[in-house]
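Encoded as structure tokens, the following chain is the form predicted on its own, with no partner shown.
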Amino acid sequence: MGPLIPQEIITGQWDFVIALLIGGAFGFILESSGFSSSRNIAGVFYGYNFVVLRVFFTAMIVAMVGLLYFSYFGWIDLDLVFVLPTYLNSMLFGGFLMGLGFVIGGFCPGTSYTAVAIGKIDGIVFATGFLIGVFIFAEGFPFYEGFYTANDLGSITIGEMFGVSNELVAFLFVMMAIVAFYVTWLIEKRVRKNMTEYKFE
């Protein structure tokens, strides 16, 4: 049955309506998960709060397994699902910069706007910096377009890259998530115990 728009079940005019609904739901989930607090987000780097890892891992697993089941029941054609093209060099560099921003500012672009929505000053500062960065990137794009598009792997999935099935990839990520949840729970438990002991000494 799906995707709905590529198969002309609904028209492309629904794009922005669907985007608005998904965006609102995404923002609500981020706020409900505590992502409007830079302390919660930065906590993953200091070992006292892994809510970021758990929420995003959970979202990824649910989406991945859900798509596979939808495909199995014939509810969606995975060949028609859009896969973002992979530009290896720029994505690795961008991932490094985003991680650096996470450590320094305690936000990513999405979570900063969640903080803006409830009036947090640090979120407003971060979001303003993000907009300035987008402007600089757009204006200077012709100068580093070659680097941006280098190592173009096309719209490739992890399974296609390593020559394994999507089902195996999903299984490995589920196992990885279970291990990550358990290990981070142990780390949190230890770090918070040490913080409590230090506080009362």
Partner chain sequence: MNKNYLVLAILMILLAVGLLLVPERQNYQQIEPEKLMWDITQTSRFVTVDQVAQMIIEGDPTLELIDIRPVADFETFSLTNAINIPLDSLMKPDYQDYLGIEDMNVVFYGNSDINADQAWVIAKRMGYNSIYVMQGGLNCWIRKIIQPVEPDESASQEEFDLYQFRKGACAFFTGTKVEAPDAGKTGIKVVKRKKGTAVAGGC
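Positions refer to the first chain, counted from 1. Quantities reported herein were computed from a predicted structural model and do not represent experimental measurements.
Although not depicted, the form predicted in complex with its partner chain is the subject of the following passage.
Answer yes if any heavy atom of residue 148 is within 4.5 Å of a heavy atom of its partner chain in the predicted complex; otherwise answer no.
Answer no; every heavy atom of residue 148 is more than 4.5 Å from its partner chain in the predicted complex.
Taking the shortest heavy atom distance, is residue 72 within 4.5 Å of its partner chain in the predicted complex?
So residue 72 counts as contacting its partner chain.
Examine residue 167 and determine whether its closest non-hydrogen atom to its partner chain in the predicted complex is within 4.5 angstroms.
Taking the distances in the predicted complex, the answer for residue 167 is yes, it comes within 4.5 Å of its partner chain.
My question is simply whether residue 55 lines the interface with its partner chain in the predicted complex - judged by any non-hydrogen atom within 4.5 Å.
The answer is no: residue 55 has no heavy atom within 4.5 Å of its partner chain.
Within 4.5 Å of its partner chain in the predicted complex, heavy atoms considered, which of 42, 156, 65, 29?
Checked against the cut-off, the match is 65.
Which residue among 161, 138, 132, 175 has a heavy atom within 4.5 angstroms of its partner chain in the predicted complex?
By the 4.5 Å criterion, the partner-contacting residue is 175.
Specify the contacting stretch among 42-50, 56-64, 139-147, 29-37, defined as having any heavy atom within 4.5 Å of its partner chain in the predicted complex.
Stretch 56-64 is the one.
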